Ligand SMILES: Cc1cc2nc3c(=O)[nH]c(=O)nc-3n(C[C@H](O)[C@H](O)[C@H](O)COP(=O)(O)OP(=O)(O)OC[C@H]3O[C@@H](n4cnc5c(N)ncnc54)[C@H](O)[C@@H]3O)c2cc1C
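Read the single chain below, which is given as structure tokens and is the form predicted on its own.
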């Protein structure tokens, strides 16, 4: 429930920010106070009455500094919002106050060979278009990874609340060294400072839900652009689909070796470059029917992938070797002409979105399986839960080796049953990123990140940013 900010301080903020785009329109506040937390019936109930009181949309870092200074001076709470595609309630204002809409800071500032500097409010789709079109590298460049919400998410929101996504099977996760190389932060102080964090120090703000400074610019690594082939392969069982996913992930590692000293050995075989590998069981097919029809029928399990066109013949041979059949192979332009969706929108949290568009009784879990993937464990889980849980696995890597994420659909009965399923997964060795809570630690970290809390003491000393989202921040830390 909101704790409304006293009107006098809010009115003073409004006066301070004259000339900056802002609104108190109730309908707009309703929209801008929500994100995709409605994936969780638990969060939907918990956050239904939470709403900001003022939306401010700065268009420059100087305007961000004015907002930060005014909110700090008058002790008004502030939540930063990008595209609003997160599903932990990251940008839902738990205690009212100002919503800082960062989408006005949307410029691509500099493209170089292997890197791009960009403002935090730039939509990822626009950034991807810009680096692909830039003549700096012949043929253009591309981002190393992006969420399934590429077309509607901002790059700052992805860094502030994301973990990995399409591209993680090839390039790792966001926190891996070299993927994000610099972040520029405006502090929440009466005289705000601008702090630049490089390399490992970026972890002080990465996946911190916007609790410790306003992110205004980022520098990201790039690679030469590839016109990826979006591919569907069907298999006679989910086990066969997962076996293929394992083999394809190892083939991708042969094309893009993992550099860490503790990287696992990769058995010999073909080197096949890919950007996305996701397995979904055949019970997802009805949710995909409008998008793909017979390309994904309800009696076959599917692997959606993005494959380097150079390696397509080798990929097809690997599909056949594992008993699969191809039903789609098109680049993104061809998909658009045929009215089909890209493979990355058949993966990650978009699988849940596609289900919820047709049946809002579903929710999901976010889990991680260790490598090598225990196929017997997955089969036991499928037998135990039956139609209560529909399986979906994402193949990826980090700087230490391979990792398999899972975002299964769960038929929602009540909170008690969700947490019973979570405990069963944890008892079987699966890590669960709980997407039914609003806090950083409760969702993914599982422990308090003291480096992030120490940086919050520096960058948000009064505890005004996104209050209620960090369990590690205690009231006694706040300066008067």
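Keep in mind that what you see is a predicted model, and the values were worked out from it rather than measured. Numbering follows the first chain given and starts at 1.
One more form of this protein should be noted, the form predicted together with this ligand, which is absent from this view; the next part is about it.
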So which of 209-217, 126-134, 289-297, 240-248 is the stretch with heavy atoms within 4.5 Å of this ligand in the predicted complex? 209-217
Check residue 102 for me: does it contact this ligand in the predicted complex (non-hydrogen atoms, 4.5 angstroms)? yes
Give a yes or no for residue 369: in the predicted complex, does one of its heavy atoms lie within 4.5 Å of a heavy atom belonging to this ligand? no
Taking 4.5 angstroms as the cut-off for heavy atoms, does residue 278 touch this ligand in the predicted complex? no
Although this ligand is absent from this view, report whether residue 39 comes within 4.5 Å of it in the predicted complex, heavy atoms only. yes
Listed residue (147, 97, 192, 172) with a non-hydrogen atom within 4.5 angstroms of this ligand in the predicted complex: 147
Ok, 179, 141, 187, 85: which has a heavy atom sitting within 4.5 Å of this ligand in the predicted complex? 85
80, 158 and 161 - do all three of these have some heavy atom no more than 4.5 Å from this ligand in the predicted complex? yes
